[in-house]
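Given next, in structure tokens, is a single chain: the form predicted on its own.
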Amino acid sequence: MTAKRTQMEPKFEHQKVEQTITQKWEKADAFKTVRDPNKKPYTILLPPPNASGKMHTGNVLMIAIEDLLIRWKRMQGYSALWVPGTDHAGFETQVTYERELSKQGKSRLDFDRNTLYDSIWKFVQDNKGLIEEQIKQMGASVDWSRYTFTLDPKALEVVHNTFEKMVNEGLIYRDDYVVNYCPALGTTFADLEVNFVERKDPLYYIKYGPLTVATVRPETKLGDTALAVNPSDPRYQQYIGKEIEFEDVMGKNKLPVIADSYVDMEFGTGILKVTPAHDKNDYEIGIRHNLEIKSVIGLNGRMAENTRKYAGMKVKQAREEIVKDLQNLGLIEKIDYEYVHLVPVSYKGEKEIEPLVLPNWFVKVDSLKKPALDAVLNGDVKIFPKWREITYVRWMEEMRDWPISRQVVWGIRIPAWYNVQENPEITVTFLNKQGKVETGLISDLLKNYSFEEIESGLQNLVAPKNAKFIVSKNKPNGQYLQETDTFDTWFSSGQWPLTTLGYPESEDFKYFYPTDVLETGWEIIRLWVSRMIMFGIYMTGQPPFKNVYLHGMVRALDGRKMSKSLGNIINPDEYMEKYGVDALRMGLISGTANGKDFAFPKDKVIGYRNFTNKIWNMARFMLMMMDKYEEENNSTAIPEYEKLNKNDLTDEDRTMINGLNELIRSVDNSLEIFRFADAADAIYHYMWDELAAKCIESVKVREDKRIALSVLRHIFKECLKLLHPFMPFVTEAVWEKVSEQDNSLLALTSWPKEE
């Protein structure tokens, strides 16, 4: 024992210790979970980070919390499984790859769909090792033997089966729908994925015969199919139900005037031009009043053929030209150049959204959302902190049918097939043998090209909403083209609990499902959490997890949201390098405010770096006192606390043991209700204020050092166990020095219990 004690370095060096300890855990296969019928399972699924990305502070907080929970339960004797995985991340990854292409002077349009997919696949495989290494660097005690990537064959199998089941049960349909389309990214976005930025634009007051309309988008007037006024507006009662004629940039025109309560009497002139094909609210008005839906902007963000002289122009160019033409015709009454309004942009990259009507795949949510709502209201799924529950409840009550198709290559391709003879009106874009892009109706293209050439060079297709299709994982016999849309990533990641555990027949699924805790950021409670609960109940009859813990967003040091443009992004790698993983983990955990957003706690990280040094020095000092005692007493070893005659304990010893009992109870109670910061603070203050400041100081002057050192070592070891889930590296390194068993791993020891 003495030899081991003398090996302790004079100071704690996290760079050396972290790598050594990680290798020790890996060599022992410490975190590979075995299904044990004599143990209760405890399961957490790692929310999959982007496979080709890098960890941000939110990922670090997530891993710190989940590792804390899984280590705690593992030490308590549960069969604790933490499943790691990464996400293909759909359009986010494709956009990243396209940036690489642009550096080479290329774009996605230079490739057929399959070639582009294979290239992105290679790009992801070449880069996804980075995020995996970062997860390991964080000390995450995941079971790597169960690692899952969202494009693994087992993931495709689950997603395809769910889709086929939903099609067969009438829960999937295709329809024209106004969607949030981003021409720059080439995909649609759900309402929740759209942000709004404030911008100043000209507000044009345009004459429609005797009426005047205020709009920031004169180019969409080419798709107007009505003018609307509020039924309570006394100014326009004489026009309701009538048709007005007026001069326009396209010649003579006429539109009906309808009454709809959506119209804001206070905005502009109180008259709304209704363009159902290019505005979501106008679309709803169009449905209510059975208006024509007239598209004038295409998927490429340019004006459509039916706009005549403006055809082919980009939207902003067309706006300028139409305004000039309107002015020449004397149809601009005035322009307000100081008008400030909100512009919809995608939540990734903040590219402008263009509302368009497209055929899309939809999920009918009515029968799915009620059981998912009831699961939370009935307490089958508990949300922590409780005050976040209302966000979930309101979303489930308001949820509309969900568009699940995305016009990107990278992702899980929808397994629907169209027979080209049965669907002659499919629009196809492909690369011919000369590498030239061709677009047209499949019936026309087949007159000049073979089916094989079209299929080989296929880039994308758009099938009418009533197109006939077959759902199949494999290509049917005959001339079939597969749908080129991919599933919304929330559709595939919404089945993460099923995918990772091998639904439906695996032994893992039978043992570990439903999982215990879903831990993630509050901002995706609607995007992801709701969908997992819906799919879990739909496919298995049970919610996929019992508890949901929603952590807050980590903001910049100044409390603002991190942003490249603001230059306030915090790189967690730099903090791990400078202060150590333990300090970063503990700083974030103790800094989190029970699910609320919080500024990055730099001071706490530095404080916990000092705490790691304190723990190391406490261990060194204790071992030095033990060495000295044994040298002075002819190598008589300090007895284990369990072997002491408790009658020999002093009142001071009993007070310290009682304090330890209170600490154990406090930590357990806090962790049970996900009060992580409270548990962290309790351990910190006990070890610093009681163990270091009182207990160790007391031992220095105690005459009965045999008893005093035994009690001190016991309390110190129990504190290491309590602290281990929070700060795994320093505690494991110190345990190696103070444990009486060779090759003992703190990670696999039993959790402390009250005496």
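Residue numbers here begin at 1 and follow the sequence given. These numbers come from a predicted model, not from an experiment.
Absent from the display: the form predicted together with the RNA. The rest refers to it.
Q: Work out which of the listed stretches, 674-682, 243-251, 372-380, 445-453, brings a heavy atom within 4.5 angstroms of the RNA in the predicted bound form.
A: Stretch with heavy atoms near the partner: 674-682.
Q: Do heavy atoms from each of Tyr262, Lys561 and Asn610 fall within 4.5 Å of the RNA in the predicted bound form?
A: Result yes, every residue of the spot touches the RNA.
Q: Work out which of Met618, Ile570, Met399, Ile664 lies within 4.5 Å of the RNA in the predicted bound form, going by heavy atoms.
A: By the 4.5 Å heavy-atom cutoff, the listed residue in contact is Met618.
Q: Under a 4.5 angstroms heavy atom criterion, identify the one residue in Lys316, Lys433, Arg394, Lys473 near the RNA in the predicted bound form.
A: That would be Arg394.
Q: Please tell me whether any heavy atom belonging to Trp522 falls inside 4.5 Å of a heavy atom of the RNA, as the geometry stands in the predicted bound form.
A: Trp522 belongs to the contact set for the RNA.
Q: Give a yes/no on whether Ile271 approaches the RNA to within 4.5 Å in the predicted bound form, heavy atoms considered.
A: Judged by the heavy-atom cut-off of 4.5 Å, Ile271 is in contact with the RNA in the predicted bound form.
Q: So, in the predicted bound form, is Ile332 in contact with the RNA at a 4.5 angstroms heavy atom limit?
A: No - in the predicted bound form, heavy atoms of Ile332 and the RNA never come within 4.5 Å of each other.
Q: If you check in the predicted bound form, is Lys700 within 4.5 Å of the RNA, heavy atoms only?
A: Yes - in the predicted bound form, heavy atoms of Lys700 and the RNA come within 4.5 Å of each other.
Q: Can you list, in sequence order, the residues from 307-345 that come within 4.5 Å of the RNA in the predicted bound form, counting heavy atoms only?
A: Contacts from 307-345: Tyr339, His341, Leu342.
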